[in-house]
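There is one chain below, alone, in structure tokens, taken in the form predicted on its own.
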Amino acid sequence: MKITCEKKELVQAIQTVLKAVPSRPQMPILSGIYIKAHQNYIELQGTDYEISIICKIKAIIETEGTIVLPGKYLYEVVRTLPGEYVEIKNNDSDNSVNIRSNSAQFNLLNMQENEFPIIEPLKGQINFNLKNDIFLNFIKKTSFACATDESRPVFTGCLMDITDKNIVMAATNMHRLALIKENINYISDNNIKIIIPAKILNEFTHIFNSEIPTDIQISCTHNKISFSYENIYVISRLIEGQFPDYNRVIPKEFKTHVNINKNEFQSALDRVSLISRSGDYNIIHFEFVDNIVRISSDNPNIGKAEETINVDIEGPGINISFNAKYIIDVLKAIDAENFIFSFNQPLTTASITQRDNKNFVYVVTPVRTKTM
């Protein structure tokens, strides 16, 4: 194999594929990136069997062929090369690969390419398209609510629930639920309910970026899902299991609604939570009364903190406590200037919504304290 390509494009392609290369591979070959030179492009592949990524870039192909190079070293070598173009060719005599740019050159040993599990396109039974901006917004507004404890895998992923008119994405760790829905023009005899691992969805925020809304072609089988976007192709395993009925979690009505400026509230919460952060439960107390909210934390080993901001309260006042992280996380996902915090009782589920976006809802369980 002998090829020449732009360094910038090659670095980006390697970075993308490395997201599927495990740091502690089950087999040595999985630490490698498979490179195939064909016609006028090169194809890079990486996999850990849970996620597989293919990235294609244009190149000048003098000799077609395939190689497998250690992913980490390939990235570090190419990233530091001095020129704008990179030449890669293999040396059959000593099973090495020469990488050259301007006056710099490296030789990396070619791994056993016949051992690499080459990625084949997924032949799904269900296929549909989503704009990348819609999909990334779904991820932003839900994936943070997933559990990180692998003992209950179903809660480490986001549910994608698709009918002929709506797409819903939901995530929960049983203490909170984030949900967003969107109307779509999707026609199929089959409704879809699949659970996609959150750790893979979060990688998409770096992979599927584009200023111009672009289609992502999605294909599903019973246990896998694929995403095709521009020059990138991703296959992921789905999580098997029964996701909770999200409709039963969301209260139908609330007694108290509080309109809050997000930036003021977020800044105050960040400051007050400095005291609670080192505690076991990171508890923050909120007292909503007379169109103010008093935010406080008390850590017997450190001290106390309190701050008050103005809000608009409709309904009776309330004293309520939460894990601070569960409130801070959702504020990062809210784009609006203001949000609505809604309550019933100090120990019943509360919700956070946006007045200008009825399709997003976040529900969170309060924390019982000694004063309750």
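Just so you know, these numbers come straight off a predicted model, no measurement behind them. Quick note: we count residues from 1 along the sequence shown, nothing fancier.
There is another form of the same protein, the form predicted together with another copy of the chain; it is not shown, and what comes next is about it.
For the three marked residues, P82, R271 and I275, a heavy atom of each sits within 4.5 Å of another copy of the chain in the predicted bound form. Interface residue among I328, A305, L30, I340 relative to another copy of the chain in the predicted bound form, by the heavy atom within 4.5 Å criterion: A305. Checking V249, I239, I218, L108 against another copy of the chain in the predicted bound form, a heavy atom within 4.5 Å turns up for just one residue: L108.
Contact annotation: A104 falls within 4.5 Å of another copy of the chain in the predicted bound form, judged by heavy atom distances.
At the 4.5 Å threshold, heavy atoms of P213 stay clear of another copy of the chain in the predicted bound form, well away from it. Residue contact check for N301: one or more of its heavy atoms lie within 4.5 Å of another copy of the chain in the predicted bound form. Using a 4.5 Å cutoff between non-hydrogen atoms, V77 counts as a contact of another copy of the chain in the predicted bound form. Contact with another copy of the chain, judged by heavy atoms within 4.5 Å in the predicted bound form, is confined among 85-93, 220-228, 108-116, 170-178 to 108-116.
Contact residues in stretch 52-73 (any heavy atom within 4.5 Å of another copy of the chain, taken in the predicted bound form) are limited to Y73.
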